[in-house]
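In structure tokens, one chain follows: the form predicted alone.
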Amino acid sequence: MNIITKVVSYVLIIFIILSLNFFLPRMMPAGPLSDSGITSSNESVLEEYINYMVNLVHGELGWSTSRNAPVWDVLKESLKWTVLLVGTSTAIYVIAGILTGAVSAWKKGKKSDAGLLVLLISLASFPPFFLGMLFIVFLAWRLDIFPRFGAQTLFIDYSTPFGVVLDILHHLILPAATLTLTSIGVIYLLTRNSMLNVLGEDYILAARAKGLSEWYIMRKHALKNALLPIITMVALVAGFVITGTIFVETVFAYPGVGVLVYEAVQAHDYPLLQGAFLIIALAILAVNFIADMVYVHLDPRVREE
């Protein structure tokens, strides 16, 4: 019953997001909106709203005035790069954050714990765009190790499909590293604190008394029970990462939705902005829904409520 309630609540949230995505641009000054083609003097706001909802059902997000193309077609080209960047970064910082946090808690008070604490908190204090600029200056410009911009090398003929993959990965390293290093600190700290609370429990002492290995106790007993609050935080951090991607993609001229949003703002392309914000909002909502489902799976008590 709990799952059904959650699904209904998410459907209601989606309806609210769609409605806000329609009305908020129309609360902006009338001049740019009139130029963008969002409003129409021949239709009432209610008629526009109904047409907007009907068009969404058919997968139509409007017409981009700056690209002179359907908004969905424009977003589709950029969305694949953003999914690659955010997906790669999220997988790395979640896994690395959980592992380093668990190790740090297990080694509390030792040099490895202090070193990880200082390093990861320091990295988390950097704004993503600033760390990205540092990477470009030192690793891309001065040392010329990585590409300075883009997702692929321009005007190049690849001899094999493997060459395409390598080139894409080469361009992905710096943007993904920027998002990963600025996001890992939150997961690390939460995992460390959660692990420290778990390590004082009686079942951990009982497992040690049985002579079980430290690695087995940490993996099977401590970390498993410390994961519940981490799942919630992963969903919250993912929202910040998705929005932070706008700045990272702009710094690296990475052709994702972030660059598209920046260009749409410059061109006053409100239909494109409306479509981009809708995609971002639904992506954040999807991450939170997945986190809720995982939480229910990990904690049977939630399922029984």
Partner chain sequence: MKIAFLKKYLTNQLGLIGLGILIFFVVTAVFAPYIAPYDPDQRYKSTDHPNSAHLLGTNHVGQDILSELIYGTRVSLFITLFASFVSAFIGTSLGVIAGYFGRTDFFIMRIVDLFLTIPRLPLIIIIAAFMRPSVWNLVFVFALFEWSITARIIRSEVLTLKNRPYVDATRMFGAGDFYILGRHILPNVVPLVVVQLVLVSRYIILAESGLSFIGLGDPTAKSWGMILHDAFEYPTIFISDAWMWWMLPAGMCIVLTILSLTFIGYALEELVNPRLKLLT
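Numbering follows the first chain given and starts at 1. Please read these numbers as outputs of a predicted model, since none were measured by experiment.
Here the subject shifts to the form predicted together with its partner chain, a form of this protein not shown in this document.
- In plain terms, the part of the chain that comes close to its partner chain in the model of the complex, with a heavy atom within 4.5 Å, is 103 to 111 out of 224 to 232, 74 to 82, 103 to 111, 205 to 213.
- Contact annotation for Ile280: at least one heavy atom lies within 4.5 Å of its partner chain in the model of the complex.
- His171 falls outside the set of residues with a heavy atom inside 4.5 Å of its partner chain in the model of the complex.
- In the model of the complex, Ile16 approaches its partner chain with a heavy atom inside 4.5 Å.
- In the model of the complex, its partner chain sits beyond 4.5 Å of every heavy atom of Thr65.
- Each of Leu24, Ser122 and Trp141 is positioned with at least one heavy atom within 4.5 Å of its partner chain in the model of the complex.
- None of Val198, Ala177, Ile92, Ile136 but one reaches within 4.5 angstroms of its partner chain in the model of the complex through a heavy atom, and that residue is Ile136.
- In sequence order, Gln266, Tyr270, Leu273, Gln274, Phe277, Ile280 are the residues of 266 to 280 having a heavy atom within 4.5 Å of its partner chain in the model of the complex; the partner itself is omitted from this view.
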